[in-house]
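Presented as structure tokens, the chain that follows is alone, the form predicted on its own.
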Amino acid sequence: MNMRTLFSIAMLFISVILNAQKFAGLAKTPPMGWNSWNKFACNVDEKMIREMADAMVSSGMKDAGYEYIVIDDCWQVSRDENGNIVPDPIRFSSGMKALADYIHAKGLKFGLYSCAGSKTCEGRPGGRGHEYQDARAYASWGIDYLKYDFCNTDAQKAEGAYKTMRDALYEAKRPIVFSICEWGSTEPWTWAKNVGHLWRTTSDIMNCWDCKVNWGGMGWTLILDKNEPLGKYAGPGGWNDPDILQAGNGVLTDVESRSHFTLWSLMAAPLISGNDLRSMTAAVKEILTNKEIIALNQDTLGKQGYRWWTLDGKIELWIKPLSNNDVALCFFNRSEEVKNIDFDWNRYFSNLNGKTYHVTDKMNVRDLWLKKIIGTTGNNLKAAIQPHDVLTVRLSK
């Protein structure tokens, strides 16, 4: 083998190494935004998307930290004679570039959906065999976020398929948050850290407390249980994704929506709302824009909260370490009855400190839903927690 051949092989190897990466510096905290699927499914068009961007600003959600407007499946209808993906010319008559420009002008970011298979889950053209071509199109349109599904993949291997799309996005040279959505079927938390910025850990979330459907969809509390053990895999730049929020979609009560939002925040899950932002009730708006709960989610330490203990299988204590040696705790009542707590901080100090938390009897206890200090760790925390509700506090000096 001559030197020229060796040099070519070496350059090819270097090229592979340099290109085999995702965009760094994105999703340092869990992404926040909105996705069309839970509320609208295939009923999407540019008018509604523009209105949703308007509502994200006017509702205060943008000020609270939400930034991505993501169109899920059904925006695409075909490929042209050159294989280019074609947006629905009736529903998106202005084109995706114009829509992206509108969203960007609002100070927001724009996301789209595609699929690693030959077709999307709704039978629209998928990305298989067109990854680099599609990535160039997304970059030219000004896309900031790509959700990539895994329907109609035949014998494709998930890790390989997602790496191909990752490399295509990187070569297109526009920083795009890459959302892996293969429903946790290949344990992406074990391989996706260098591939995407978030990865689904479960099947689809349903608009209910604990229901199940035959194809695998389930209520948010069951999703919660599946995502909870995976905290060691999450951190800045790569997050466990237990799916889009169902808060505000009409079946969950306001109490259940509050608990759902709180626990997604504690788990450092992406906060992607899935309701109609144009017609939120005041209660739902208050839930989704609670900056003190959002601050737990967006804490720069990037630790996923976890279930610390369960009492009688009914009331759970969740805990999340925060920057500046603060600690968040959430008492979650999964039962159908009011549960009273009388929490002795002194009894648990040694255990908390053993978990590297720096808890002393001088810390303030702030209720993050009442938005006020309710005591200190020098006295027991006493409260009555309503069915399906949470008591969420932050300890700080």
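The first residue of the sequence shown is number 1, and the count goes up from there. Since the model is a prediction, treat every value here as computed from it, not as a measurement.
The discussion below concerns the form predicted together with a small molecule, not included here.
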### Query
Check Y113, C121 and K147: does every one of them have a heavy atom within 4.5 Å of the small molecule in the predicted complex?
yes
### Task
Identify, from the list E228, E292, D204, D276, the residue with a heavy atom within 4.5 Å of the small molecule in the predicted complex.
D204
### Query
From the list M96, A234, C181, I272, which entry has a heavy atom within 4.5 Å of the small molecule in the predicted complex?
C181
### Query
Picking from 152 to 160, 280 to 288, 181 to 189, 131 to 139, which part of the chain touches the small molecule in the predicted complex when contact means heavy atoms within 4.5 Å?
181 to 189
### Task
Please run the contact check for W37 against the small molecule in the predicted complex: heavy atoms, 4.5 angstroms, yes or no?
yes
### Task
Give a yes or no for R258: in the predicted complex, does one of its heavy atoms lie within 4.5 Å of a heavy atom belonging to the small molecule?
no
### Task
Report whether the minimum heavy atom distance between R200 and the small molecule in the predicted complex is within 4.5 Å.
yes
